[in-house]
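Let's start with one chain on its own, the form predicted on its own, as structure tokens.
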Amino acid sequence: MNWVAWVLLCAVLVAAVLWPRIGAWARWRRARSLAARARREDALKHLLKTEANGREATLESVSGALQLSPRKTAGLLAELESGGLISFEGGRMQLSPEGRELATHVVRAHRLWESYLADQTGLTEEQWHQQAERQEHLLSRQQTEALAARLGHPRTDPHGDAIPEPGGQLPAERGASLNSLPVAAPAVITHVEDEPQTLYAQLAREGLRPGVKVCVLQRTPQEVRLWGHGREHSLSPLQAQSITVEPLSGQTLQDLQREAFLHQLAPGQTARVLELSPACRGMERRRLLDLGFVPGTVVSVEMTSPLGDPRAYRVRGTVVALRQDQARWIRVEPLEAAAA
């Protein structure tokens, strides 16, 4: 290789590293700046949520929420204080008006983006939170309001959390932990904690979402046996702690156990659709409605595959195939039982 080629090669390498805006050095600086901004905003989010729920944020709680060492957390809090986003009064951390406004925007952007992913995309529940965690730091206020308008200004996100209004207050979380629900007392799930992600994925696979009616059958130090959505679930106390519920008045455990769902019908059985579960949303809900599973529609089980899943259902003169996890979102009234 002659000296001209060497010069050209060196020039290309230097350009790849130092080229303004698109070079490796510029990209690294942007990534580092975004990571620092995300840490600041995540700390403000933690303070806002603890304040809304009547708790006190501490250095240890911020450190745990952000998974930072106490030394780095102390430096971060000092940075927020010098920037006028928090203050220390009587030894307690408090958000300034500017800090509260920024934290509210980040929470609003996060929950709106999760709503977008749930309603407008085919991404799984396990992916919503991870993507929203990145996007919340990128959306401007104008982009956030445009997204809210596109979604029809939803009031809650897919996990049941309230979406705060711009410049408004973050509402306190509704309900209490499933671990505190008395045995045989029906309740409705209002919130499922989305962190840690592995725990949330386990609950999502169980079909335990906001809007599902549940009732504790038995509680031991090792297990919470739960009735919900037409079947029994076995949860650990840690899993149950991630579920928030509100009591249901006027209903009993027997009422919940008498509810029938499409996946429970026997081959040849006919039923009338009563409702789609409020926990079924987004593209999943739209597909079922498009297939004809609307309240009042008569549906029958036509065929079951050799492995039992999926099954073929006749609805409005058409045969459609549904998996068991899709059919369980459709509450029905068996017509034989109704006639009896």
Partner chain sequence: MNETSAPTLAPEVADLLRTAQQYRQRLQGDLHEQVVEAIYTEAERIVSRAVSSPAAPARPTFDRTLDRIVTSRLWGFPIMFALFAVMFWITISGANVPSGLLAELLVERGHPWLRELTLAWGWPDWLRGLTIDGVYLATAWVVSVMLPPMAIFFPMFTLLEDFGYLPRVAFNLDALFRKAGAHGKQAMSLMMGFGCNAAGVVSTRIIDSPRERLLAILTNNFSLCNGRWPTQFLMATLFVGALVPAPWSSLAAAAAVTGVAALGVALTFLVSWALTRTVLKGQPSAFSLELPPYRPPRLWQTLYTSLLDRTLFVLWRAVVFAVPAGALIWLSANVHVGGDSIAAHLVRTLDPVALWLGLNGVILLAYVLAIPANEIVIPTVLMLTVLVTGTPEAGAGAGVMFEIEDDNVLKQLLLQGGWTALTGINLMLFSLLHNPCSTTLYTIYKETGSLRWTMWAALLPLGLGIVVCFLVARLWQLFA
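Positions refer to the first chain, counted from 1. Keep in mind that this is a model prediction, so the values were computed, not measured.
Same protein, other form: the form predicted in complex with the partner chain, not shown, and the subject of what follows.
Undergrad: The partner chain is absent from this chain, but in the predicted bound form, do G122, L289 and V294 each have a non-hydrogen atom within 4.5 Å of it?
TA: Judged in the predicted bound form, G122, L289 and V294 all sit within 4.5 Å of the partner chain.
Undergrad: Please check if E259 has a heavy atom lying within 4.5 Å of any heavy atom of the partner chain in the predicted bound form.
TA: No, E259 is distant from the partner.
Undergrad: Check whether E302 has any heavy atom within 4.5 Å of a heavy atom of the partner chain in the predicted bound form, and answer yes or no.
TA: Flag for E302 set to yes.
Undergrad: With heavy atoms only and a cut-off of 4.5 Å, decide whether D255 touches the partner chain in the predicted bound form.
TA: No, D255 is distant from the partner.
Undergrad: May I ask you to check whether S87 falls inside a 4.5 Å heavy atom distance of the partner chain in the predicted bound form?
TA: Output for S87 is no: heavy atoms all beyond 4.5 Å of the partner chain.
Undergrad: Which pick from Q142, Q222, S249, T198 sits with a heavy atom within 4.5 Å of the partner chain in the predicted bound form?
TA: Selected residue: Q142.
Undergrad: Of the listed stretches (223-231, 174-182, 147-155, 208-216), which one has a non-hydrogen atom within 4.5 Å of the partner chain in the predicted bound form?
TA: That would be 147-155.
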